[in-house]
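Take a look at this single chain, the form predicted alone, given in structure tokens.
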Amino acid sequence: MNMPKISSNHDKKDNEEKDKQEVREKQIRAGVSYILVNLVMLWLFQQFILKPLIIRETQIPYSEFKAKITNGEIVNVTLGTERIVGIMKNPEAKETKNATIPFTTNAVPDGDPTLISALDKAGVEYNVTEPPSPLGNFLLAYGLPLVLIGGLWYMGSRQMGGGGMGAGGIFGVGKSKATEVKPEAVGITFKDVGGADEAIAELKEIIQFLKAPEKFAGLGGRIPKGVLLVGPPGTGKTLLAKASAGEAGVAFFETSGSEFVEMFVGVGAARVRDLFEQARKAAPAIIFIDEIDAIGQSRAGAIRMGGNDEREQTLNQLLSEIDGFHTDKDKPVIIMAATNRPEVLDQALLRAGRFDRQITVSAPDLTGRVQILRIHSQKIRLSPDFDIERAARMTPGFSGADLENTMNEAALLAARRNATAVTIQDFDAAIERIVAGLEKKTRIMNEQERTTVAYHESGHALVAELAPRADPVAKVSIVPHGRGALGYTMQMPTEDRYLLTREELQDRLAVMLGGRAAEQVVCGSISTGASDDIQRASELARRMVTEFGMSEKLGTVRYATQQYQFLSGESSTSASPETLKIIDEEVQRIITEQYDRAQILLRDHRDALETVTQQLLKTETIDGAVVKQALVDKAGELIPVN
């Protein structure tokens, strides 16, 4: 029973030796061809380019040279066995600076016995050079260039892994730039990742494939080849990949999609081959390609100017490598990738059998933010009364990177005031600094501008408290900040929301337009301070019409073509000119209705608007409790809102 196995192993060794012999023969043939071609090119270079550049003297016949000696036109000469060079008078010279010119002539093979006497008779200064060594001339002309060429060939062969046209390419141009991170050097596990429990659960199953592939192969299961992490920036996609490597304890190759993009044709594909070759040698292993959209963009609809471009060749090579004809089932290689733009990826890359798992890593919810803040506060000295859950409630919509930055900013603010621990007030100030920017204490407004800003922000705050479905006000300030804001109104949602009704969106529009409405109600005129409010309100109203189907005239039809799923950006609208006109009318109607509504609310609560404004002018910053108190009547009850 063992004989066929032995024979099979023997044949395998013979095939390997045969392959190595063929590789060596190819290397020898390539090397000889390389040297011969370079010799021919070197000879042509010396004869037709180098020699004319070096020999710039006027060439004259030997007979003319003898005649010029007799006529006294030769100034000096240097006699050689093959050539005679020197300086002669220029008969065409009209100026003294060009009175002489260099010349050269061929020497008589056996020597001219009358030449020396003629030079002495004419009084010409002459020198005699020793005959050059033929071996020295050959070494200088051909030996040194050959050594340089051979050195370049040797270095190129080393970079190519020993082959003439190996994966690395000459000088390592085609060698992968991926960084191999050893398992013991990763230092990150799933304990260091918070707010992504669902993604971690999926990745743990992948790790089981790497640790015990035979367990799943024994049942006929196929090990997944690829895992694609998609989500907004800063949600921890790269961190999850590193944690997977730390948990699995396998080799981890980290690179970026831009590392494969080069101007040289074939370099990207060569780097892909080299990367997978390294991973297979270190298998089981994980290959992580960050921002894979740099090379994985869809080929459909692309206009090429003749043939495939470099990016398409790189993508084709990546697709074939993921299919993995050379992958050992007992030593799997799993490719992980991350992107913010899954909608632009090629469908061939996303199909089953390549990226079998697509994991969405979204912004963390309240529970996730609590986990992330606890992780990032482990090395920060917090005050005993620091409430992590309250801090998490103050940061809705923040990504993991945003939370880490906020906690670090809070620590810096605490250190700046020489505190011994970070308080919740420091965390609140850090949020304000990140959202609104740095305070511009040097920006001084005149009294009229300051009063206008105070009424403007009071209008936002009061409408936010009066609108039944708006988020409550947390802080109002008229201190100028770095992002061009002369003041701000900060709202704090009571819970995470994933669906919004039309009424809730209308309340948000009313709050956005409350500042402009307050200026109109109090001053009877408007200023440029509402430009950002108008922009955000216009975008939201247009989305209500074109994306959410919240227009009775247009019905439940989507007219917007969103370009990116996880990246912010303007969306275009695909519709006929008549429909576009109706869309504009509906957007204007929605904004006008909420602007009028905000004015009515502020007119009905004119006293509260004045109270909040005067308090802002006095203290510059107030919290939401002051706004609520201004709306309370003498009996201590909130004024009813219709």
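Small disclaimer: the values here were computed from a predicted structure and weren't measured. The first residue of the sequence shown is number 1, and the count goes up from there.
Although not depicted, the form predicted together with a small molecule is the subject of the following passage.
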| query | finding |
| --- | --- |
| Per-stretch contact check against the small molecule in the predicted complex, the hit in 103-111, 533-541, 396-404, 267-275 (non-hydrogen atom, 4.5 angstroms) | 396-404 |
| 4.5 Å heavy atom contact, L509 and the small molecule in the predicted complex | no |
| 4.5 angstroms heavy atom contact with the small molecule in the predicted complex for G218 | no |
| Touches the small molecule in the predicted complex: G72 (any heavy atom, 4.5 Å) | no |
| Heavy atom of H456 within 4.5 Å of the small molecule in the predicted complex | no |
| Sole residue of P224, P493, G529, P232 within 4.5 Å of the small molecule in the predicted complex, by heavy atom | P232 |
| Option touching the small molecule, based on a heavy atom within 4.5 Å in the predicted complex, out of D356, D346, D192, E259 | D192 |
